[in-house]
Structures are given as structure tokens and as C-alpha cells.
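Just the one chain here, the form predicted on its own, laid out as C-alpha cells.
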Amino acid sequence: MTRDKSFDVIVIGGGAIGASSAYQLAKQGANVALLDEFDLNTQASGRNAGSLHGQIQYEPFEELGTDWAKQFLHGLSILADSLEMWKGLSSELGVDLEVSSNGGLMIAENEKNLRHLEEKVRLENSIGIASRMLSQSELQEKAPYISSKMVGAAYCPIEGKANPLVVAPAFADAARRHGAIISTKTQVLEIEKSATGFTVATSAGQFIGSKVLITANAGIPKLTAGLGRKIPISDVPVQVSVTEQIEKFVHHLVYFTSEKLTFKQANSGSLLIGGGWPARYDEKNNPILNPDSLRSNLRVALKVVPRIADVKVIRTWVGTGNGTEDHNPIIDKFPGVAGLFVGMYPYMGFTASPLMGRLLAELVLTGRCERDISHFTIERLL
């Protein structure tokens, strides 16, 4: 059906950002094809735990320092503004995305970590994010399930969660309603530039496009290597666990400063426990469960939230962590190839997807963005 069909824009990558971009492009009248090698939402966007992030993450802040954090504020502002869009996204797309915004708690167990959090909060406040510090007693009042051994926390009120299984498909369905073509199980074999646009050779035939937008995260280096520049994107398998359904008692997105942890409770009552603990590879180089990481992740969760000691874990799955060296996104034209664009947000693309789709559509359709995207160039990574 789609062989040799011509499009204004071909979007490669059917995760949350790719589907959001296809929706925004189609809504503005562009003739769009969205291609994915597998199925929609089967990679990073659909394998994460649904956290909606709005604060500087503690691990890179501690490792890379304040100077890095000041540069990351440009990317953080993307998250903050995207979180505003999440508030009305269910209504806009006509799907219950299970969005909640009760805020995030970054827990400290010692005074050193507490001082680091104070500096982090000051930086977040500098761009209008209303994070604030909580004393030990304030933390216990807000989240009595947190261990009383913890000395305090940073509270970021804009954070929350959504259902990662429904978001990218909802964007794609909305794009389809505006006329977009969605082609899954479509492996891109080659992107060839011509005088009038691009020929994208795929396992489902050729797609002709005036412009191409690549949002395929881990696939970006491979897809761009034949075009003269191989963009470095890290690709690390990480794992997340889910528990049996229990009575609702966790109302925040919880982090821990001393070790890797994200912790929250779904609407169903299941606890979602993650934080970036690495999976491992089998003999065929396929990512699989790492039992050592599972034990460590659960140990940390139990340390922070002791009351989960008797709760049963029912499933652990492997997700994908795709990143850039500086943790800032890519929103740019591909150097030297007119009409080719690249977009990705490291590690937290699920959160950023509503605004990233809007910005990338604006860039593709007009060649510019009203928002300053000079910090998100490809060249900075090469």
C-alpha cells in the first residue's frame, strides 16, 4: 500500500517522541509517514516505568558537578514545559493516559547528600521550578511510609507519572486521524538523498519524502552513519520490577540520593521499582535479567520504604536507557544534509515527548524554532 508513496515528512522511530512528532506534523497539515522497525512503543518509550521527571537527577549531578548542572538547565526547561502539556494531554488525545502530578521526593540519608540537594534545588528554582527542601519531620508528614532514618528530602511539585503502555499509541492514533500513515515492522535499510528529497529503502518497500525526521534513539547512530556523521548515542539495558497489587499508599515519585532508585505506585496498586540498575547480555548479546541488579534494587527500595518487606515482586523486565554525553537533548538539522532532522531526549524522552514533538514539527516545517535550541545541536556531540 505504501510502496513508492510520496510524503512531505517521513518520521523514523515509533516511540513517544516519534509518534508525538508525527501527530504534530499531521495536525498542521503535513502528509506524514511514521515508520518503526518493530511495533509502536516496543523499545525505550514502552519499557520505562512511566515516571514524569522534572528535576535534575542526583547521580549525574553528583558525578558531573554544578557546572554540568547549569548547562543541563536548558534541557531541564524542556521537561518542565512538557509537564505543563501533560496536564491536558489526555483530553487532547482522547485517551486516559493515567497522568498524575503529586510531585517527586528525592530522599537523603545523610547531611552531605542533603547539602547537595540544597544546591540542586537552588538551580531548579533559578529557572522557575518550585522545588523545595523538606526537613526530616516535614518528610515524615508528607510521606510517612519513608524510613524514619532518612534525614530529609527535596520535593519537586511538578513531577508525577503516566501509563507508558498507552502514550505513544495514543499519539500515533491521533496522527492517523489527521491522515498520517503508520507503518510498523518496517526496517529502514538505507536513506538516500536526492535533489528533491529522500528515498528511504525499507523492508516494506520504498518511501519517498521531501524531509526525514529520525527519532529512533538507539537506532540513530546506525541510521546516520551512512550520511557522513555517526551521532554517538549510548544504549544501556536497564531493568524495572513490578509487584503484586496492594492498597494504595505511595502518592509521589520517589528517588534516593545514595543509590539508584525510582519508586512509585500505579493506579492498579502495583509498585514500580527501578532506577537504572543494569541488565546483562546473554551469549547472543540479547539483554536479559541481571539477578544481582534485582537484588540490589530491591535492597535499596526496602531501605527507603521498609513497609514493602512482605510485598511480592511478580515481574521484572528489561528496558532501554539511551543517552547523550551531556544529558541534553538533540533537536537539530543534520549537518550537511538539507531536509534531514534528528530529535531525541536522553533517558527521559517519555516525559519530554509532548513538547519534543511540537518543537521538532516546528523545526521540520519552518526550519527554525521560536524556542532557543542552540544548546541541543548535533555538532556539540561530534
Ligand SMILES: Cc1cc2nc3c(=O)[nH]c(=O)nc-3n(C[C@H](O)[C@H](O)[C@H](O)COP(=O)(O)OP(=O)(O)OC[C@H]3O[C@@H](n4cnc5c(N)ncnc54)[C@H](O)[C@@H]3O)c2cc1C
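Everything quoted here is computed from the prediction, not taken from an experiment. Sequential numbering from 1, following the sequence displayed.
The following text describes the form predicted together with the ligand, which does not appear among the structures shown.
- In the predicted bound form, no heavy atom of Q55 sits within 4.5 Å of the ligand.
- Mapping the unseen interface onto this chain, V342 falls outside it, with no heavy atom inside 4.5 Å of the ligand in the predicted bound form.
- Proximity of F350 to the ligand in the predicted bound form: non-hydrogen atoms within 4.5 Å are present.
- When contacts are judged by a 4.5 Å heavy atom cut-off, A49 counts as touching the ligand in the predicted bound form.
- Contact with the ligand in the predicted bound form, defined as a heavy atom within 4.5 Å, is made by none of L105, S131 and L302.
- The contact residue chosen from N217, Q265, S293, T243 relative to the ligand in the predicted bound form is N217, the criterion being a non-hydrogen atom within 4.5 angstroms.
- Stretch-level contact analysis of 184-192, 93-101, 136-144, 150-158 against the ligand in the predicted bound form, using heavy atoms and a 4.5 Å limit, identifies 184-192.
- Contact residues in stretch 13-31 (any heavy atom within 4.5 Å of the ligand, taken in the predicted bound form) are G13, G14, G15, A16, I17, G18.
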